[in-house]
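Just one chain follows, in the form predicted alone, and it is written as structure tokens.
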Amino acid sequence: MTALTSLLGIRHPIIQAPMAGVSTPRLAAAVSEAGALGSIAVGAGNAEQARAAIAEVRKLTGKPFNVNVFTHRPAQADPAREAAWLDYLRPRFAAQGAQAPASLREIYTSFLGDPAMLEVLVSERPAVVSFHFGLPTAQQVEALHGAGIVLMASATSLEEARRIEAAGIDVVVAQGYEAGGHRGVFDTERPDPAIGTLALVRLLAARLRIPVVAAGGIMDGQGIDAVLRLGASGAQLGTAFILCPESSATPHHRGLMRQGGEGLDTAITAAISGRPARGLVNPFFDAVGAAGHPPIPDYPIAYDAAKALHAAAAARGVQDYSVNWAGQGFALAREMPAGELVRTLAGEMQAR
């Protein structure tokens, strides 16, 4: 038992990462039923969609689960910058027989400006709520704690982690540079600290009083055991769950994952969404995001353009502009039901 398992009421110190666009209620429920903490991501939807997703998880399990929201700084619209970005992408749309959108919109609402989402979480009372891209307001923390909810937030540096602890958040997720998906950096205008998982976990475990969860590059029980030895109370795995049948990963994403490390790699780019994120390399990384591109619109306005370009290409059967987030350990992913994967991870930990 660790500080995390005691706090959350779970058997295994394992959290399935929220992974917006890949996680599902079925995945979260299967993980929770197996004794770990399943997660759903609701930041890409509205309050009523979040309520429906929570209800769907509860139909499948009575165990604790996590609901993740985005706490990014709300986007600052800049018509000139957005027009320049669309002009830059226009030849790529044309190559797919499509026209670029006339304008871009902010497709996701930050939890910081979404009172309806707060009301849903307070009324539904999931066991855990987690935050990515920054901190909630003091009033939001008070309301969620008042509803008996455990709170977690991602940090990519000691400075961010200290802010998380000072805000009264219960658990910090130490997101190493190896992690797939969006970097949780609070301020994208500052250089990314780019700290690896092992160094970050040890640093935070030595300096903080709240439990630390390791995230990034952890794919098996041996990896979980390693971060526990460094002082973590648990591990969060995302890429390890992508090939589970309960995830909503696309056939193309699954196919790339199955290739393992043969001629395929991950990288970080902001050219897809407007925020740095790690995924399997495609033209978004090595062409669109290459040096010399115009300023990228704010997150998630830039994401609107990426989704439109992917839709145009996919309509022709071209997957060059699909978004396939994955961490550096993706070649170690195993294809099995989520509950079986949790049991396998727990067995590997015990064997160590």
Ligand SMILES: Cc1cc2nc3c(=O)[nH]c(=O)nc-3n(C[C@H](O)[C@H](O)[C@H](O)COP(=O)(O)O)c2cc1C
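Please read these numbers as outputs of a predicted model, since none were measured by experiment. Residue numbers here begin at 1 and follow the sequence given.
The same protein has a further form, the form predicted together with this ligand, not shown here; the description that follows concerns it.
Taking Pro211, Pro126, Pro136, Gly217 one by one, only a single residue has any non-hydrogen atom within 4.5 Å of this ligand in the model of the complex, and it is Gly217. Note on the partner interface in the model of the complex: the residue among Ala302, Ala41, Ala34, Val57 having a heavy atom within 4.5 angstroms of this ligand is Ala41.
Interface residue remark: Ala333 is not counted as part of the site for this ligand in the model of the complex, having no heavy atom within 4.5 Å. In the model of the complex, this ligand stays beyond 4.5 Å of every heavy atom belonging to Ile10.
At least one heavy atom of Ala17 is located within 4.5 Å of this ligand in the model of the complex. Although the partner is absent from this view, Thr71 stays clear of this ligand in the model of the complex, with no non-hydrogen atom inside 4.5 angstroms. None of 85 to 93, 71 to 79, 235 to 243, 201 to 209 except one has non-hydrogen atoms within 4.5 angstroms of this ligand in the model of the complex; the exception is 235 to 243.
Residues of 108 to 143 that come within 4.5 Å of this ligand in the model of the complex, judged by any heavy atom, reduce to His132 alone.
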